[in-house]
Each structure stands twice: as C-alpha cells, then as structure tokens.
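In the form predicted alone, a lone chain appears below as structure tokens.
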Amino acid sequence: MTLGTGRAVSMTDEEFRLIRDLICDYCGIYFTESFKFLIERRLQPRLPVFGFVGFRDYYRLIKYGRDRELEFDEIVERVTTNETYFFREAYQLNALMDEVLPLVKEGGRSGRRLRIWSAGCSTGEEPYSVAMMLEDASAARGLAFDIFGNDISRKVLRTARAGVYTQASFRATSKEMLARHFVADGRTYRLADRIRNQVSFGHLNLVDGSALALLAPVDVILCRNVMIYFDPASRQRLIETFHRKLRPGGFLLLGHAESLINESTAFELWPLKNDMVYRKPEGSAPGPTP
C-alpha cells in the first residue's frame, strides 16, 4: 500500500496478530497467519480515512477508540465471506421437511407456532428456501411458523430484507421453483411478497451472549457452514447457546463439514435417511442464562 506520501505501508506480523485477535474477540472469526495478506489488503483503505500512516494506530483505534463498534461494522463487511445460494445442501433441507418436522410435530408442538432460526443467514437464501419448501411439506400443513434469520453484516441483511437476487443465487434452483416464487426484473429476480413476509431478519452477533439471551426458544436451528470460521472458544460458547435456545426435543442442523464430535455431549446424534443431525434430548433442563 502507498499513502499520500508515496511511502509503502505494510502490516507487521505482530500487528496482524493483534488485529486478528481483536476481530476474533468481536465476532468469533479466526484468521490463521495464511490470511495476513488478505487482512492487510482489505483493511489498508481504512488507514487514510483516519489519517493513519500505519496499522499500529489502527489497532489502537479498534482497541480503545470511542467509535470502535462502528469501525468493527466496517471490518466485518470487509473480511467476512458471504457465499450462499438457494437450496444449498438440498438433501438436508429435504430431511428437515420430510423427517425433522414430523418429529417436532409429534413432540406435542402442533398447537403453537414453530420457530425456526437461521443462524448466520447471510443474504437470506437459507431461511427463504425453508419458507418456500414449507409450502409443499406435508408435515407443515396446519402448522404456523416463525422463521428468523440473523447475521452480523448489515450489508447482507439489507439484501435479505429486499429479497432481490442475481443469477448467482439460483445455481441449485429448479425452473419450476424460480417461476413459482420469483419475478424477473431485468437481470435480477424479486422474491414474492408472500414468501418474503414469512421471514424476519435481525442484526445479531453470534458471540454476543447478552443479545442472544433475548431470543425466544426455538424448535429448529440451522447453522450451516458458519462455525468452521470460529475459534474453538467461540464455537464452544455458541454450541452452549444453541442448547439453551432449543426447546427440549428440538433439532440443530450443521453444515456437511461440521460436527459436534469433541465439542459437546449435550446433544443426541440423530440419524436420518440421508443425513445426521443433532437433537436436544427430551426432558433437558433449561440452561443457565449467560
């Protein structure tokens, strides 16, 4: 990088570790040393905004600055990955509709609204996929649902709430589903209001225990391909939070590369026809408030 003086500025190994650890403390995402160049490149444009000539001053800003929370919002937008699409890992969503929902229904929950939480929802394709599939799921007939998605990025939440997507979001979407639920608008597709209105979104940091404590209990949590980016301590805290927030008999669905092996014994590993999910045992006592 070069500033106005023409002098090159780079991030030292120590500065990388200091900034990396602050990012991890803030949102749980951990970057190994191999990501140093990426962090340096994506945060370099922030230095001239504050008149800084090096990353040491930037570290002090996000460590001690009065507006550090606002700057972390900027950091999150620059360093996080938000790759997703509709009906991702469709085999697991089919298992949710065909096997998990009937089990939840049998658990005596048919008389109230079922709550589904998409934790780390990015631009909204996952919770909207669930809402679309619920229209056709036989186990969903006669049931009312609340579907909630959260993300730490305000930018992706704006996209999620708008419900307007480009072709890249439809790599696993059939023509029939596209025609039923979207309206073409030039090079973009607008989600039908009847689906968009079924999902609510909130700005929420998954390592913010005080904010998570305000969430109501849920029946199903989808947290797929999120915890793989977390450090072990943040991952453990989040798993404990999921256990507290799930109603007894509720289900946790993780990504295909994620598991709770060596992470938690509080959940039952629940085999399905084409997948393995986790269940909070019936009769589990509510967890302590964090």
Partner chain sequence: MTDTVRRRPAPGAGDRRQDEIRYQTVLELSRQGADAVPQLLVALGDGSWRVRRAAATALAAQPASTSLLAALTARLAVADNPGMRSAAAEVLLGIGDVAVAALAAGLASADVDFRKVVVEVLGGIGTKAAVAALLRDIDDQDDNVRSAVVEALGRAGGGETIELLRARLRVGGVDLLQRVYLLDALGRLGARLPWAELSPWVEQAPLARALLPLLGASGDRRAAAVLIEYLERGATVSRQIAVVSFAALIDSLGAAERAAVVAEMVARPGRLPAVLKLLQSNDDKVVAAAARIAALFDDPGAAPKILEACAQGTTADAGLRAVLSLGPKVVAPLLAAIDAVDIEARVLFLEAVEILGDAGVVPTLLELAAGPETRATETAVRVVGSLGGVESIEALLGLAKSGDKEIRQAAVMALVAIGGRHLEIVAERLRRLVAGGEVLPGWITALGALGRDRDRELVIGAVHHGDPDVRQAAIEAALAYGRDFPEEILAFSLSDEQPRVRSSAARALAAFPTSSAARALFAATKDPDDFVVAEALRGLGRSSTPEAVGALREGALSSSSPIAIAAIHSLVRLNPPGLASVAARAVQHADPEVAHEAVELALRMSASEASEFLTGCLSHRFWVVRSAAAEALLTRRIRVPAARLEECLQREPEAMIRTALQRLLLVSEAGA
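Here, rigid core means the biggest group of C-alpha atoms that superpose within 1.5 Å across both forms. Because the structure is predicted, anything quoted here is derived from the model rather than measured. Residue numbers count along the first chain shown, from 1.
This next part talks about the form predicted in complex with its partner chain, which is not shown.
With the partner omitted here, the stretch from 132 to 140, 75 to 83, 216 to 224, 93 to 101 that lies within 4.5 Å of its partner chain by heavy atoms in the predicted complex is 75 to 83. Interface residue among Ser174, Asn205, Thr188, Gln198, judged by heavy atoms within 4.5 Å of its partner chain in the predicted complex: Thr188. When you look in the predicted complex, the only residue of Gly65, Pro248, Gly255, Gly54 with a non-hydrogen atom within 4.5 Å of its partner chain is Gly65. The closest heavy atom approach of Ser210 to its partner chain in the predicted complex falls outside 4.5 Å. Though the partner is left out of this view, Val164 does reach within 4.5 Å of its partner chain in the predicted complex, counting heavy atoms only. Proximity of Tyr58 to its partner chain in the predicted complex: non-hydrogen atoms within 4.5 Å are absent; the residue sits far from the partner. In the predicted complex, Asn150 stays away from its partner chain, with no heavy atom inside 4.5 Å. Relative to its partner chain in the predicted complex, residues Glu240, Arg244 and Leu272 are all farther than 4.5 Å at every heavy atom.
Contact annotation for 17 to 48: residues with any non-hydrogen atom within 4.5 angstroms of its partner chain in the predicted complex are Arg17, Leu18, Ser34, Phe37, Leu38, Arg41, Arg42, listed in sequence order. A movement of the C-alpha atom of Glu33 falling short of 2 angstroms is seen between the shown form and the other one when the two forms are aligned on their rigid core. Once you line up the core between the shown form and the other one, the Cα of Leu43 ends up 2 Å or more from where it was. Core-superposed comparison between the shown form and the other one: the CA of Glu71 exceeds or equals a 2 Å shift.
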